[in-house]
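Below sits a lone chain in structure tokens, taken as the form predicted on its own.
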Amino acid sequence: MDRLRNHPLIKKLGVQRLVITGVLVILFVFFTLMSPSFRKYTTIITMTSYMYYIMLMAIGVTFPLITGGVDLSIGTGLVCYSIVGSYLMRQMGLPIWVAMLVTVGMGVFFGFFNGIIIAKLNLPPFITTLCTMMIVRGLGSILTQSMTGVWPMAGQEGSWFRDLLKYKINGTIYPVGLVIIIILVIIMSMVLNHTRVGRYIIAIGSNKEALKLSGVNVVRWHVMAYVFSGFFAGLAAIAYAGTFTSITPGTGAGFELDAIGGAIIGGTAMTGGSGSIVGTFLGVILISLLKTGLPYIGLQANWQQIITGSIIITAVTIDMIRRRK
């Protein structure tokens, strides 16, 4: 067992990521065998459509989780930013690129807001981001007067942003957004593992006091973790607008749980100090596969929640056992 665990390939990829990959293969084969409808190409398109905005949120929230914190505001924030972007286009006549910049900018602002309160004032991340979640939920409704958000539909002027997720050629839809997601996963993996900001974020989760004593400006790098989370929540807002035809004010609660769950399943420790963007990528795919595949075998939303919750508990338990050893 030790020889297998110390194999160069396993050490590089990580045991947990290899296990998740194995589970993904098994689940895909299982759903394929159990349901002929699951084998259709449209199923992959449906799964990726759901996965885009959850994946973007999950990449961002991995950074606060590694510091030992959390960001609960990204789900309702996603809806708020998307609705405000729609309002700028529909009611104020601004170009779509301006609306997209404002959408991402709002995410960065609230990420910075969370980071300052948590890192500078030392408020608990759970309480801080929970309050921010309430603020952005109400803010989106107030700014837009509770109007439903609608971004340009296919064929309308400005609808090019939808092609970034799904591109149609001769009637066939291609999930090109998956390529963008993979590129972002590679970039953010490099940021986390091979840059100063990534190393300091990991160090904050491992031993914040020791990092302070070494002369590092801990507040700056702690805030950056939440800025990353807000930035990717802004990108997720654009992906969400590109997936659905309308955005309803006051919704989005619960999206953050899928994103956080994907990161935890992928090996990010709730206690901080370790995490993997690639692991998060695999974890979100697992959750997306379950949500897409379970209805094909007759299990509806309640069972999906039970199974997903059980997987997250198992992942956390395995991580705690591994840390004790």
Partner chain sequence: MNDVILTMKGIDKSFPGVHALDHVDFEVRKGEVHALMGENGAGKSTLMGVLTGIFSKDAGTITYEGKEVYYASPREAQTAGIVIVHQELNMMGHLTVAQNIFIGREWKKGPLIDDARMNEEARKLFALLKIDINPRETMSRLTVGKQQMCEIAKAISHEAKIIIFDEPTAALTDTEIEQLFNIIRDLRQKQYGIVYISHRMDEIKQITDRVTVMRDGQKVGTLITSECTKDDIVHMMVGRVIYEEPKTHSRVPADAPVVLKAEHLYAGRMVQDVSFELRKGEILGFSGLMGAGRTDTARALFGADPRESGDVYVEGKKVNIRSPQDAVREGIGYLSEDRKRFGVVLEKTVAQNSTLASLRHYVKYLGMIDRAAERKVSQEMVKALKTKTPSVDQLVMDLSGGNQQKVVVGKWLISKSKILIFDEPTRGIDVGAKQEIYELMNRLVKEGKSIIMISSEMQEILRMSDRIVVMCEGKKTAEFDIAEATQEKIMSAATREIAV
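Residue numbers count along the first chain shown, from 1. The structure presented is a predicted model; accordingly, all values stated were derived computationally and were not measured.
Here the subject shifts to the form predicted in complex with the partner chain, a form of this protein not shown in this document.
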Query - Whether 19, 23 and 45 all lie within 4.5 angstroms of the partner chain in the predicted complex by heavy atom - result: no
Requested in this report: Would you check, heavy atoms only and a 4.5 Å threshold, whether residue 157 touches the partner chain in the predicted complex?
Outcome: no
**Report entry** Partner contact for residue 206 in the predicted complex: the partner chain, 4.5 angstroms, heavy atom
**Finding:** yes
Query raised in the report: With the cut-off set at 4.5 Å between non-hydrogen atoms, does residue 188 touch the partner chain in the predicted complex?
Result: no
Query raised in the report: in the predicted complex, does residue 213 have a heavy atom within 4.5 Å of the partner chain?
Result: yes
Query raised in the report: Among 72-80, 100-108, 227-235, 189-197, which stretch has residues with heavy atoms no more than 4.5 Å from the partner chain in the predicted complex?
Result: 189-197
Query raised in the report: Which listed residue (91, 217, 251, 148) meets the criterion of a heavy atom within 4.5 Å of the partner chain in the predicted complex?
Result: 217
Query raised in the report: Which residue among 84, 165, 202, 116 has a heavy atom within 4.5 angstroms of the partner chain in the predicted complex?
Result: 202
Query raised in the report: Which residues within 47-72 place at least one heavy atom within 4.5 Å of the partner chain in the predicted complex?
Result: none
